[in-house]
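Have a look below at one chain only, the form predicted on its own, in structure tokens format.
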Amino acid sequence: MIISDIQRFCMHDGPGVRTTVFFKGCPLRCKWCHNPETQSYQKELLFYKEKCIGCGICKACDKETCIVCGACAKNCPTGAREVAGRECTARELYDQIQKDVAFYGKKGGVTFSGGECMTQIEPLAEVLKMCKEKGIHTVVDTAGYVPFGNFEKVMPYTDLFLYDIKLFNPEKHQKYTGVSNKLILENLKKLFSVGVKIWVRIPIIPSVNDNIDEMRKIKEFLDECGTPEKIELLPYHPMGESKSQALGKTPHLFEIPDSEKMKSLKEIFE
């Protein structure tokens, strides 16, 4: 498998204190992506120009000859260069998770995120099984754009699904994420039907989905297919903009939704 990062002591990726593993690779191309370095399934080099002091210690090669070996990132004294992506086995990943068990308490555990962790289904299922056998609480964070058979492979070892709904409007979903939302909604409905625990998460993106009509349609859909344990509305944050620039991409800029807007949208679900 290929992952981009392991973050410890996370508080917003499920209940309690958690270790969050970010898998690399995603079939969606959300224009507001917080983790653009997880979109590709290949290793990538990020260059933060504002951190570079021009010392030359990195001995960086040019773009045409770069094979993302990571030597320049290891040598860089300011962290201006960074490699996103490293390969590991399910056992190696489990050994890293095991180091944090003492901090989980009664509610915490491990969350597998991305990117889209569900596209690397075999190693994901393997490491989930290892965690479950040791009594570690497991969460899978997914956008749902995978065959439902992938869900069936991990259900026995998953305590909770964090399920993203970006947009209900199919045309806007295609425009802003690059894929249809048909499979995503179908999979969510099937998940409800088999009785697994689900938290629905909705990113709030100004000028995209931050309107009453869009939220009401999502609520009506949820009312039809099931009741999630929790619904989280997540305000857009520009944390992905600097990463996009470091990857040599032009970021899509959005505003941060104000508190009054967030309050009015939350009231729809309450």
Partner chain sequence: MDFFAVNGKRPIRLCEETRKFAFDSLNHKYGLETWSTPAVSMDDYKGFQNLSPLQKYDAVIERISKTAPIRICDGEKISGSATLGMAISHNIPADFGGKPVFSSSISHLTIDFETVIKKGVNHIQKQAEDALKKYKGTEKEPFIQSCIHCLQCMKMWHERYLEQLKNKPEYRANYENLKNVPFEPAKNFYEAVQSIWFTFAFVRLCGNWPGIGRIDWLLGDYLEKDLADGMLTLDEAREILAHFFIKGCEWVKGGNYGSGDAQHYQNILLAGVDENGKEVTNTVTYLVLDILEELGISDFPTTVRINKNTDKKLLKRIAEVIRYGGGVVAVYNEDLIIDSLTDYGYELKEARKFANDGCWEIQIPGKTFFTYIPFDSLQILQQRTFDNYGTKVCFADFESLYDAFVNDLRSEVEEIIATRNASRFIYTAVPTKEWKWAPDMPCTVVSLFEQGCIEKGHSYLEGGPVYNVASPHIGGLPDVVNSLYAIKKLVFDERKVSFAEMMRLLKNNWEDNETLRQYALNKYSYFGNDNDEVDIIAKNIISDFSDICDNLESGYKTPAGISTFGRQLDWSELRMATPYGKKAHNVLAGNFSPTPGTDKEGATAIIKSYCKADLKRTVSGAALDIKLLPSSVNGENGVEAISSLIKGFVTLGGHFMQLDIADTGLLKKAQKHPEEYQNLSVRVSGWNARFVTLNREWQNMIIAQTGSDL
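The shown structure was predicted, so the numbers you read here are calculated from the model rather than taken from an experiment. Numbering follows the first chain given and starts at 1.
Omitted from view is the form predicted together with its partner chain, to which the following refers.
Colleague: Look up in the model of the complex whether Cys76 has a non-hydrogen atom within 4.5 angstroms of its partner chain, and give yes or no.
Modeller: Cys76: yes, in contact with its partner chain in the model of the complex.
Colleague: Leu247: heavy atom within 4.5 Å of its partner chain in the model of the complex?
Modeller: Leu247: no contact with its partner chain in the model of the complex.
Colleague: Taking heavy atoms only, is Arg91 within 4.5 angstroms of its partner chain in the model of the complex?
Modeller: Answer no; every heavy atom of Arg91 is more than 4.5 Å from its partner chain in the model of the complex.
Colleague: Is the gap between Val17 and its partner chain in the model of the complex 4.5 Å or less for some heavy atom pair?
Modeller: Yes, Val17 sits close enough to its partner chain in the model of the complex that at least one of its heavy atoms falls within 4.5 Å.
Colleague: Each of Lys31, His34 and Ile256 within 4.5 Å of its partner chain in the model of the complex, by any heavy atom, yes or no?
Modeller: Contact check failed for every one of Lys31, His34 and Ile256.
Colleague: Within 4.5 Å of its partner chain in the model of the complex, counting heavy atoms only, one of 97 to 105, 166 to 174, 119 to 127, 133 to 141 shows up; tell me which.
Modeller: Of the options given, it is 97 to 105.
Colleague: Only one of Lys230, His237, Lys63, Lys49 gets a heavy atom within 4.5 Å of its partner chain in the model of the complex. Which one?
Modeller: Contact residue from the list: Lys230.
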